[in-house]
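Coming up are structure 1 and structure 2: the same protein chain in two forms, each one given alone as C-alpha cells.
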Structure 1
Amino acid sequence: MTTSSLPVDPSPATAATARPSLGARLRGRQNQNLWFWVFVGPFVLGLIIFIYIPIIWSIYLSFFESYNTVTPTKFVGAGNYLDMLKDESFRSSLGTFIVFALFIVPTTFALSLLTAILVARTRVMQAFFRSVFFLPTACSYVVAALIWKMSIFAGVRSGAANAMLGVFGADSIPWLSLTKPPWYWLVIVSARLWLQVGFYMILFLAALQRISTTLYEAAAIDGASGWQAFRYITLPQLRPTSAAVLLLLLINAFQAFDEFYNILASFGTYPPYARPPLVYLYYVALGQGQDFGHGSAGAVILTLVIALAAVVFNRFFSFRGED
C-alpha cells in the first residue's frame, strides 16, 4: 500500500471552514427554522430592546450619579446602594410590602383554592361561574383602584360601603383618611383580591381536574370524610400548583404599585402612608429630584430581594411533586 492511498485527516482549518455558520445553524437544514424566526423574531427583538437593554442600563446607572438625566455623570461605586440601605423611607417601604404580603398572599391563596373547589364541584353552569370569577382579571388595576376609591370607598358621606353601613345603622367611616385604625388596608386588599382571585382560581381548577377520581372513590370506600379526603388527597396532589401560586403571589406583592398610588395619592401627590417599594422608587426617580442613580440602585436591591425570596421559597416549598 502506498502512502498516497492512506486516508488523510482534515486539517483544523479545513474542519473550521466546513462548520456551518451561525445563521445557517439558526435557519436549520433546508431553512426549516426560517418561519419560526419570522414569527418569534419580532418578539425577541422587542424583548431585547424594551426589557433587557433597560435592565442592563439600570444596573450600569446604579453605580453613577445621575440627576435629571439617564446619562451617567460621576462614578460613585456602591455609594448609591449604601445610601438606599440607610434611607429610612426605603426601609419603611419594604416594611409596607411585608404588611401587604401578610394580608394578600394567604387570603388570595385560600379564596382562590376555595373558589376552585366550589366551581369544580358545580354540575350546573360551571362554565358560567368560571367565567364570572375570571372576568375581573381582564380589568385594569388603575380602573379598579379608581372605582374602589371614588365609588365604593368614597368620602364619609358617600360611597357604596358607607351606604351599606347606614342601612344597618352604623356610622360612616373615612376609609382613606384614618391611620388608626388603618381602614385603608381593607380598601387596598379588597381591590387586589377582586382583581386576582379569578386568575389563581383557574390555576387551581386546572390542577384539580388532573386529580384522578379513583383516589376519591377509594377514600369513600374506606370511609374517609370530606375533610380527610381534602387533607390527604387534594392538598398533596396540589402541592406543585400551590408552590407556584404562592411564589407568584409573593412576587406580585413586591410589584404592588397601581392600587397604592391611585387609591392613596390625592391629585398626583405623594401618598402620605403605606408606600410600597415601587411607589417610593417611582418618586425617587421621577419625582422632583429625578435621581435616577439612587432609583436604579433601589430597583436592583428590590430585584435581589425578590430573587432571594424566590430561592428561599423554592428551598422550603419544592416545585417537584414527589410526595
Structure 2
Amino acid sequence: MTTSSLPVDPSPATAATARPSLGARLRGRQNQNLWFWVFVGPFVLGLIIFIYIPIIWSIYLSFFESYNTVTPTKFVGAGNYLDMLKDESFRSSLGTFIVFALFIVPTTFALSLLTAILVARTRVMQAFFRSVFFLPTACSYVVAALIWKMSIFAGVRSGAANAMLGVFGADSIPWLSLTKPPWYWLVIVSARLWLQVGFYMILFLAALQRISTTLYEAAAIDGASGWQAFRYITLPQLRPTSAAVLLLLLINAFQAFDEFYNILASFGTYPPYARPPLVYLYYVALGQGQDFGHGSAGAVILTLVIALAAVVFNRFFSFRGED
C-alpha cells in the first residue's frame, strides 16, 4: 500500500487530458476499488473456502457412492436421493420438523414480541430487564442443554422440576425417558425458548423504539384504544422486522441440532422421535457411519425444503404487505 505505484499527478490540467494507467483505472477513483477488495476480499475468500466449496463438494458427493472417502469413484446418479426419499426415518424426521417449525416459530415470535413490548414499556430498570432477557443468548446451546438435562429435568427427586413436584406430593417424572406423554418436548422447547427469545426480543425492541411517537399521539387524539394502537400502528410498523424474525426462526427450526443432540442422544443412539433431520444426517454421514453420499443427498434435500419454505413464506408475507 505504498504511494510509489500511484500515478504522478503534477498538475490538474495534465491529469484531465492524460489517460490514467491501467493500474490506476483498476484501483478506481481514490483507490475505491482497491479498498473495496481490501475490506471485502478476506470475507469473500472465507466464504468461498468455507461455504461455497463445501456446498459444491457436497452436491458432487451426493451423486456418488462414497463410504469413508471424499474422493469417490463410483457414480450412482440420483440413487442416493432416491434412497434418502425412500428412507422412512429420514422422511419422518422431515415430517416431525415441519410440525416442530409450525409450533416453535409462532411461539418464539409471540414470546419475543411480548417481552419486547413489556420491556419497552417498563419505566424502571429497563436496562436491567433488557440485559436479563438477552443474557441467555450468550449461553452455549450445549451448556444449556446439559443444565436442562442433568439438573432441571433430571428424572430423580433431586432434579429441580421434580423437587417442585415433590412439594405438591407428586411422583417424580422421568422427563426425558417417556414417550407417552411426550414430556421431552417440554424440555426441548423450554430450553430453546430460553436460549432464543432474548435475541429476537432485542430485534423487536430496536424496531419498537424506531416507531415515531407522533403516530401514537395522533392515534390517542383520535381516541384509539391500546389494542387498536397495537393492531394498527405497532404491528404494521414492525412488519420488516417481523418478516426477518420469522424467516430466521424458520431456518433455525430446520437447523435444530445442538440442544436436541445434547438432550436426547443416549448411548450410541438417538431415539427416532424428535430427531431433527440434521441429527439423522449426522448419524448417517459424520458419526461412525461415514456415508457421505447419502449424507450429502440428505443435506441437499433438506436445503431444498428450507429454501422452498422460505420462498413460500416470503411470497405470503409480501402479498399480505401490499394490500
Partner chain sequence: MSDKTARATLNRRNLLALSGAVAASGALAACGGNTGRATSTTSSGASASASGSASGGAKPVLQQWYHQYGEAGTQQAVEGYAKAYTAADVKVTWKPGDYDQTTAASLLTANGPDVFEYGNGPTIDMIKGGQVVDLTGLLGDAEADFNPAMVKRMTYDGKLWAVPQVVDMQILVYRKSLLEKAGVKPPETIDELMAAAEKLNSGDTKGLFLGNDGGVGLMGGPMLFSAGADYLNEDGSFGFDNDNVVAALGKLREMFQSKYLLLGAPKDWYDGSALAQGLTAMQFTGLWTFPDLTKALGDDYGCVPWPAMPGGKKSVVVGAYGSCVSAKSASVDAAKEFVKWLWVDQTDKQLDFATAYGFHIPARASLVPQAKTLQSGAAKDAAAAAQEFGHAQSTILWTPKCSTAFGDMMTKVVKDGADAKAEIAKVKAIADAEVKRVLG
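Take the two forms, find the largest set of C-alpha atoms that superpose within 1.5 Å, and that set is the rigid core. From a predicted model like this one, the values you see are computed outputs, not experimental measurements. Residue positions are counted from 1 along structure 1's sequence.
Structure 2, not structure 1, is the form predicted together with the partner chain.
After superposing the rigid core, the Cα of P181 is displaced by less than 2 Å between structure 1 and structure 2. After superposing the rigid core, the C-alpha of G77 moves by less than 2 Å between structure 1 and structure 2. Shown in the overlay between structure 1 and structure 2, fitted on the rigid core, is a CA shift at A170 of 2 Å or greater. On the core-superposed pair, the CA position of F39 changes by 4.9 Å between structure 1 and structure 2.
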